[in-house]
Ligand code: GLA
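Only one chain is included here, represented as structure tokens and corresponding to the form predicted on its own.
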């Protein structure tokens, strides 16, 4: 399925009518986009650098208050209504944990939530590596905050949503997804230092290039042990490196020269995990400079190097992701392709010269289906802005 001319439904009356199929009242409506990480795979939880952009696909939350300390949540995607007591919020091991976790974090911050009716609908492919979970978290956080009349600092909203995912869902993810979803800017990429949270919006000349997302239709399961295992391996790398370099606190602090000096003393798997993260941080910095200088061939090379390292050193790719990337790189006008998101399935991001986009979307769909028997979804996306209230 191609989505090259996707229309964004910002019709407030539509979402009100959808909400009123399940609840009474006129809701406030909040929208949060998905994200593509252009480059910077698995650097965020290592206090490194990332370069994400936002998709023009959204999760929408419509919300009204309740006064009985009940949380009633309808998911359009899951076709399911779940009910919770605000006074006894616990993980359920399903989609609702992203909503309930944010409520729990806000309650722990002494926000006096008295209950809510919530209707959620998402255009973002679930399990596609496009941060559908963080979009839900940010949209619901803004919804809950609207009920208590609070306009929280954007960075703090991101932190609360990250904590909900870390503590309530059990995913040890970094701050990147939630942060760009609150801070992103239309037609800009966000260069983010995940340690200091200092960031820069870098303009993208979208007349010349397009970002094409290719959904392999292999759903990743980031809650699986493989993702958290990578985090543990990086922590072990830091511990071993600190025996020689006591001043480092994260892989972000280590140079490739320092790592090379200890190459023969580190376990092979740990050395490769560290090499990916350290070299990826360098690629992010080079990519930000390349965008500023309109050097998109260089950016494409860096994107290719990123995927190859994620495949070989970090080992978070899969057969279908590799096939999609390899097929893309063979097509005219393609400057670079890599997996995006946590890996283990999901989507790729391809940098394509604008004049070749139509041909690319047709060819990649046909070739991928012939190779795998799977019908991909292709999205041509112009970088969107951050989460907002629909008024």
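Because the structure is a prediction, the values reported are computed rather than measured. Residue numbers count along the first chain shown, from 1.
Below: the form predicted together with this ligand, not depicted.
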Worksheet entry | Any non-hydrogen atom of residue 227 within 4.5 angstroms of this ligand in the predicted bound form | yes
Fill in: Touches this ligand in the predicted bound form: residue 115 (any heavy atom, 4.5 Å)
no
Worksheet item: With the partner left out of view, is residue 125 within 4.5 angstroms of this ligand in the predicted bound form by any non-hydrogen atom?
Response: no
Practice prompt. Would you check, heavy atoms only and a 4.5 Å threshold, whether residue 342 touches this ligand in the predicted bound form?
Written response: yes
Worksheet item: So which of 27, 336, 48, 41 reaches within 4.5 angstroms of this ligand in the predicted bound form, heavy atom to heavy atom?
Response: 41
Response to the item:
Only one of 347-355, 321-329, 32-40, 58-66 sits within 4.5 Å of this ligand in the predicted bound form by heavy atom distance, namely 32-40
